[in-house]
Structures are given as structure tokens and as C-alpha cells.
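Okay, here we've got a single chain as C-alpha cells, the form predicted on its own, with questions on binding and movement later.
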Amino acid sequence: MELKVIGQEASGGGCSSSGCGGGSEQIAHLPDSIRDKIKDHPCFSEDAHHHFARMHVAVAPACNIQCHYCNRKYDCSNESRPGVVSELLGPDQAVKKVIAVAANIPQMTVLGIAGPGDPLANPERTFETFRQLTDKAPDIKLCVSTNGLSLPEHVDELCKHNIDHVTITINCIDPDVGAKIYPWIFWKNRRIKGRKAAEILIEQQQKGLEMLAKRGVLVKVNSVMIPGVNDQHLEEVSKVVKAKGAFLHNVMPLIAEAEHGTFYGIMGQRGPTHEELQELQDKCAGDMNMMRHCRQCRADAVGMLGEDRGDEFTMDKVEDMHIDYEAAMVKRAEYQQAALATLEAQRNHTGETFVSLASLIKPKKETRPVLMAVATTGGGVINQHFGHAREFLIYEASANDVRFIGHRKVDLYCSGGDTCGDAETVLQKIIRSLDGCEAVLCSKIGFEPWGQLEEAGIIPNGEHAMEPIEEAVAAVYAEMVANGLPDKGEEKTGLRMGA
């Protein structure tokens, strides 16, 4: 029995699924020049998001379509979802802020414009920002995220600015489905509603996707999974966008809390469960590279995926910063080269370790997959205290591979010091969020959560601090199998792992 990362040979050679956004068999046709565009892009590479950061600038307030799941909010610092910003910026301000962030966060490799409206509905502001950054910060990758309605008319301009990565939100290819998602579009100076609006939007999206693919631009397609609306349709969407040249598909869960003020939220439209989302992603993954590490970021997000350092770089603070960007670029290059070397070393070490781990798996009966939650602050290692986690990464281990499934956001259990606030209530919520997981891997964990996790049938584990995530997950799985992996739902005994 061989245990390995999906898409990665046990020797550690080749490119893993996490390294290039898909298994090695799915990217073998891509030239090295394309792989080079992915290796340090946190949104296009599952591995890279552990080591590299992204930034969005909110220069595009207007939108040319209305979505039932969207409510653009300005001056809002308490929500983390698309369409939300604290500061709207002009191009000059955005460029100044980008340079300040890049000088202070050397792992920031990517600048994207994703709203809070649609960047291509605000072409002057968007392209002026890109033009200046191309000149002043040539070491930063430039990305844009769009609904696609105006995409075809702007493909030439996008390519002028060496934009190698474009994300298009495509929720359907059937106008009847689209009419349930988009109440209207603004097209050729007219507001168009219903099925006709969806028909125009779909046609423009598909045309823009094909044009970008022909120009060699990497295209990621975002799709929002809306139960009862497009959930049964997205597998077909995935096949079509792959055939037309998309590189990566990101199926995201609908965010529909009523307090956000969206139409779906007010009308009580539910989002998918973790199990429903994973099932659909797995179906789509059969036809397309699947992104599973998306955090559905704010339109002004700053930092690693899963964190937001925007408060450190408000415009009043940026205005007081004096930056030598040429000197900063030297430090950035040094950091990024070191990060890539670390990433490659982790891949090779993990692959070598899996060979020895495979010999540990001598199951007493048929094995089955196990979900595990991991607490990490980045770097691809287990390095976070259970009580300090605001999200857990979810991995699935089986006898054949370890694969990343997604992430689950949680409330902060420990507020610092020796007290943890209303710990019991928060802990119960965290445990509910980890439903389906059978182990939690973290650098440390306290007595109270340890006991409640065990009572809930989740094994707490603090034995693999500072180890590569996939390697640790594989080791824990091997130990679970060696101790007699019970049928799912059975009492878990004999695995009291280090605090």
C-alpha cells in the first residue's frame, strides 16, 4: 500500500496537485513558462498560498450586473466576503498603497482588482492603476476578476499590461438558470432583465474566455454554488469552461446570511453544507483542475489567504510611509527565492517520508478516508495553537493519498492570556464547524478543548508541530490505521495524542 500526495510520485519528483493547481497528470501538457506563472501565485497554486500573499485594491465601485447573492458594502471592516471594502481608492492612492504593502510584506506577489463592483465596468480607473503598477512595481503579478459582461472589448487592453491571470465568475451556461441568479444587466446603455439578460451575459462570458485562452492568459473560473438553483448545473459548466480554455475552476459556497442584506439572504436561500460542496467539487474535479483553498476575499484584502492585514495599511498610515522601492525589490526577491526553495524542499521531504509511512499502514481491515482539520498560520506547516485559529484547513487522508479539501472559518476560541472569554459557547460552535472531521492537528491545545473534542469523537493531536502538513496528516492516518480504524461513527479509542 502506497501513501502519497495526490498527483505526486513517492520520490517527491514532479509537480503535485497543490503545487500547480491540479494533479501532475492534469498539467503535463503545460509548458514551463505557464508553470512559472503559477508557482508563486497564492490563488492559482494550492501550495503557494502557504508561502505567498495577495492584495486587492478597491478602485472599481460600479457594477454592470446585479446578482442575487451580492450586496456591495463600503466602509465596512467587520465582514470578510466579496464586495466589501473599508476604503474606496483612486488609482494614484491604490498604487501608493500597493507599493507600501509590497515593501512591508515581501511575500506579497500578486495584486488583483476585484471590485467592489466590476473592474471592467470601471475601465479607466482599473487600467490607470495597472498602467502605473506596470511601471513602478514590475515585480508584482497583476490580476483582474470580472463578471465577464464587458470582457471581450477589453481583452486587448488587458494583454497590454502583461496581465497573465484573469478570473471570470460564471455561474451558469443556461439562461433559464441565469434568470434565477441575475435580476438585470446594464448593456449598451440599457437595463435588460430576465432570461434575455442572462443570455447576453453568458454569451459575453464564453466569448471573453475563449479570447483570453487564445492569447495565452491563464483563466480561473469562479462559480457560486446555490442549492436548488445551479448546484445540479455546475458540473456541466465545468466541462464547458474547460473545453473553452479555462485552467482552474473554483466552486465556492453561497454566502447568504440575512444580515448581509442580499436578496438571497433576505429570502432565506440556504448555502450548501460542507458535504454538498465537497461532493460537487469532486464531481467537477473529474473534468477540470479544482481550486479548494479560496477564501472568498474582500475587495480590499491584504496578506496571506485567510488573514487580513488591511488595518495596517489604511491610506492615512500609507501617506506617512517613506519607501525606497528599489531597495525593497531586492529584499522581496531574496525572500521569494527562499520561499520557493523551502516549498520545493518540503515537497521532496514529504515525498520521501511517504515511502516510509506506507510501510506503517498494515490495516487489520479495509481502510476508508478520514477528514482531518489543521491549524496553521502559513508556511505549509502545523504551527498554530488550537485556541488561536480563525480557520482550519481540511484534509482528506486515505490509503492512497492526502488531498486538500477546503477550509472552515471559526470564531476565535482564545482571546489571549489565561482566559478565553465565553469559551464554552465558542468551543461548541467550533466543534460544530468541524463536523465530519475525526482529528485536529495543531501546535498546542488546552485541556478544556481537548476533552470536548474527544467527547465529540474528534481526536486532538499536538505531536506534529512545525512539520509539513501533508506529511503530518499522513502520519496520523497511518497511526489511526495501525490502531484499528473504526467504522465511521464508531467510538474512537486508543489514540490519545500529544498535547
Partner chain sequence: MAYEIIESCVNCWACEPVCPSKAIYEARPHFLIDAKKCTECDGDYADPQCVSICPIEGAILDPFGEWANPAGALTGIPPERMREAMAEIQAR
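Positions refer to the first chain, counted from 1. Please read all numbers here as calculations on a predicted model, not as lab measurements.
We do not show the form predicted together with the partner chain, though everything after this point is about it.
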Site test, A62, L88 and F186 vs the partner chain in the predicted bound form, non-hydrogen atom cutoff 4.5 Å:
yes
Which one of these stretches, 392 to 400, 207 to 215, 103 to 111, 252 to 260, sits within 4.5 Å of the partner chain in the predicted bound form when only heavy atoms are counted?
252 to 260
So the partner chain isn't shown here. In the predicted bound form, which residue out of H154, R332, R125, H407 has a non-hydrogen atom within 4.5 Å of it?
R125
Listed residue (K193, R309, K429, H388) with a non-hydrogen atom within 4.5 angstroms of the partner chain in the predicted bound form
K193
Give a yes/no on whether H464 approaches the partner chain to within 4.5 Å in the predicted bound form, heavy atoms considered.
no
4.5 angstroms heavy atom contact with the partner chain in the predicted bound form for A341:
no
A327: touches the partner chain in the predicted bound form, heavy atom cutoff 4.5 angstroms:
no
Using a 4.5 angstroms cut-off on non-hydrogen atoms, would I266 count as touching the partner chain in the predicted bound form?
yes
